[in-house]
Ligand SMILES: NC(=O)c1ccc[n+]([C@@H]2O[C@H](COP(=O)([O-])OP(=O)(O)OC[C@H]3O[C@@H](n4cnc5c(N)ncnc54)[C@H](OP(=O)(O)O)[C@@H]3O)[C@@H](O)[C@H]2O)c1
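Starting off, we have a lone chain in the form predicted on its own, written out as structure tokens.
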Amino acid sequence: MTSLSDTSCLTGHSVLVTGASGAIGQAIVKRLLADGAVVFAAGRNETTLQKLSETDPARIVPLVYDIADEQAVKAAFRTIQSKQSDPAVGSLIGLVNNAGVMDEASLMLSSLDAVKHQLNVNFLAAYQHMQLAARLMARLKQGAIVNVVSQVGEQGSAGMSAYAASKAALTGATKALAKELASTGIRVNAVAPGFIDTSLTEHYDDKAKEAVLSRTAFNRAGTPEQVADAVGFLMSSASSYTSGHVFPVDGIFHP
């Protein structure tokens, strides 16, 4: 059995990536493929996932479902479990909770429905995925979970309290589960991006974007590929003695 201490620890195994239809998700999928994994690419955009899978149909398995739908998540994991015995797929030893939503609103104007939606997608859905993935990984006594959080959740940002709270909750779970799951051989870490050029930030006009980048020491936005590289490191044997940590990919960002 391949161990996470081996150089090619993902070869012969599979990894689930949520939010795989977005820019960061696609970059993560490509990075994990390069590292040898078969990838279960999860998302709601069937057309995008199908196009993504066509780039490597032998090693990308698209899963179309709403991660905030508890029953749909369970069904997706039944599909994953049913494929574990296929040597072309291999056992699940990785999970990347990348899917997320962001709604900017001041406290006084925040809709509770919007707050609940962000908590459901950014935290509760990720928590359920960790619970179900850990059950499969624990049987193998190996695995790595990487949660995509945010520097907004780590440092706070005016006008983004609900989003910050949802991501901070995921950071807290990351640190707690790293301790809880250590005895099972499962590592749990997080990546905290700063301002990344994606659909979540495309609504910023030039003035707003400049204001954000002025608080970044590198004075430029990050790329999805840079986030994917951090995820790849935390999934690899190069980080086999690392768990419970939040890896910043932010160009020294101060919200």
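It should be emphasised that the depicted structure is a prediction, and the values quoted were computed from it without experimental measurement. Start at 1 and count along the sequence shown; that's the residue number.
Here the subject shifts to the form predicted in complex with this ligand, a form of this protein not shown in this document.
(message) Quick one: H13, A144 and S243 and this ligand in the predicted complex, is every residue within 4.5 Å by at least one heavy atom?
(response) Zero of three within 4.5 Å in the predicted complex.
(message) Among the candidate stretches 133-141, 105-113, 172-180, 146-154, which one is within 4.5 Å of this ligand in the predicted complex when only heavy atoms are counted?
(response) Partner-contacting stretch among the options: 146-154.
(request) Name the single residue among A158, A72, V101, A88 that comes within 4.5 Å of this ligand in the predicted complex, judging by heavy atoms. (result) Contact residue from the list: V101.
(request) Note which of R44, K30, K209, R59 lies within 4.5 Å of this ligand in the predicted complex, where distance is taken over heavy atoms; exactly one does. (result) In short, R44.
(request) Verify the contact flag for I67: yes if a non-hydrogen atom of it lies within 4.5 Å of a non-hydrogen atom of this ligand in the predicted complex, no if not. (result) Yes, contact at 4.5 Å.
(request) Look up in the predicted complex whether V231 has a non-hydrogen atom within 4.5 angstroms of this ligand, and give yes or no. (result) No - in the predicted complex, heavy atoms of V231 and this ligand never come within 4.5 Å of each other.
(request) Answer for A20 alone: is it within 4.5 Å of this ligand in the predicted complex, judged on heavy atom distances? (result) Yes.
(request) May I ask you to check whether T198 falls inside a 4.5 Å heavy atom distance of this ligand in the predicted complex? (result) It does: once this ligand is placed as it appears in the predicted complex, T198 has a heavy atom within 4.5 Å of it.
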